[in-house]
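So this first bit is one chain, no partners, the form predicted on its own, shown in structure tokens.
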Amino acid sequence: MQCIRARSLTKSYGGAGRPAVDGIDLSVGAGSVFGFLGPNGAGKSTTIKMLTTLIRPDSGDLSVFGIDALRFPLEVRRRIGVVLQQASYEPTLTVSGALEKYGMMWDVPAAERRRRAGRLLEEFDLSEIRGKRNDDLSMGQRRRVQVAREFMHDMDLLFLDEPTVGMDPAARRALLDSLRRRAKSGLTIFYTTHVLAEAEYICDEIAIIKGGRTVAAGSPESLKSRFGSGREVRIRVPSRDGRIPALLGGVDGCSVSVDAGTEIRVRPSGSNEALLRVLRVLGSHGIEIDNLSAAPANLEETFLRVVEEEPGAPGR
């Protein structure tokens, strides 16, 4: 089942510049974690505002769980939760008070509010600070409260924009694991982040946008397979050989560096033909190879390759 179907969405903010979002297409399956990635100015924020019905697109079609979001935005809002990148908290409320207030806003009965708040305090590791005011919390703690309070109401789709900002590594991993469990229970999560390791860890599908357009989409593994041909290859030789930098400096189609004289790092810019040329040069000069290994492509390298190579228009 499709949770989000967006077709040819566009949005301009006036002036002579190109659209902030320029005909974007998205398809998000229900019960999945969908990563939405792009460089600053790519159009992510504008797209999220359209998907959450905060602003209307200039053109295009948008449905959320089969609901025409342009005609029935209130129906969509009843089924979603949204945590935007901007900080949002009540300075004088305690952590428990913030959860209680949010439950009241969604008309959750008192007994159910207490039950949900108690569970969320445990799940998001907030029990020890439940009585502290939001104004006295660290940035990471406030962010955990901001995410936790969304779960005070029932929803089918949760938008998270940079949810781990300010969190330490342990808190970040705990949040990601919690979100994965929620997704397995049927919640759809639309996730944006600049921490590519997070996206690789949590996302089932990913779309990369640039200049308001989708330039790549697929699972993390499929994207790495498609765009990861430039991954680094390490060649270890038995002893230091001062000739190596000069011999390999003129090999086309790759960049070469030599560490400590015995490890050669080769990063092909395209096909593996460049690596074969490096190996032929070493062999023709009698330089033996002790070991050869390829560092696996990661999502960060894939992302950089996509945004550097794929064309795009200015976004926001």
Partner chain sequence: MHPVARLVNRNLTISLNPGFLVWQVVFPLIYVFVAGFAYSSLIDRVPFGGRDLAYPAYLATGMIGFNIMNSTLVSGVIIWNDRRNGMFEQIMSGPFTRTHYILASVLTQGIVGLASAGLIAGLGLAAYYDQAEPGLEAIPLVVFAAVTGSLLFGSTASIISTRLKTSEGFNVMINTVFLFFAFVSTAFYPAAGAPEPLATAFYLNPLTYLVDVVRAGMLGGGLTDLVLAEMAALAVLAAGLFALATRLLTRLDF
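Numbering follows the first chain given and starts at 1. What you see is a predicted model, and the numbers here were worked out from it, not measured in a lab.
Same protein, other form: the form predicted in complex with its partner chain, not shown, and the subject of what follows.
- Within 4.5 Å of its partner chain in the predicted complex, a heavy atom is found for not a single one of Ala274, Leu279 and Phe303.
- Contact with its partner chain, judged by heavy atoms within 4.5 Å in the predicted complex, is confined among 239-247, 120-128, 165-173, 70-78 to 70-78.
- The contact with its partner chain in the predicted complex, taken as any heavy atom within 4.5 Å, belongs to Leu84 out of Ile202, Leu84, Ala183, Ala216.
- Screening Tyr102, Phe227, Tyr191, Phe151 for any heavy atom within 4.5 Å of its partner chain in the predicted complex leaves a single hit, Tyr102.
- Residue contact check for Gln146: one or more of its heavy atoms lie within 4.5 Å of its partner chain in the predicted complex.
- Within 4.5 Å of some heavy atom of its partner chain in the predicted complex lies at least one heavy atom of Ser88.
- In the predicted complex, its partner chain stays beyond 4.5 Å of every heavy atom belonging to Ile289.
- Under a 4.5 angstroms non-hydrogen atom cutoff, its partner chain in the predicted complex has Asp107 among its neighbouring residues.
- The partner is not shown here, but in the predicted complex the stretch 47-64 reaches within 4.5 angstroms of its partner chain through a heavy atom at Lys49, Leu54, Ile55.
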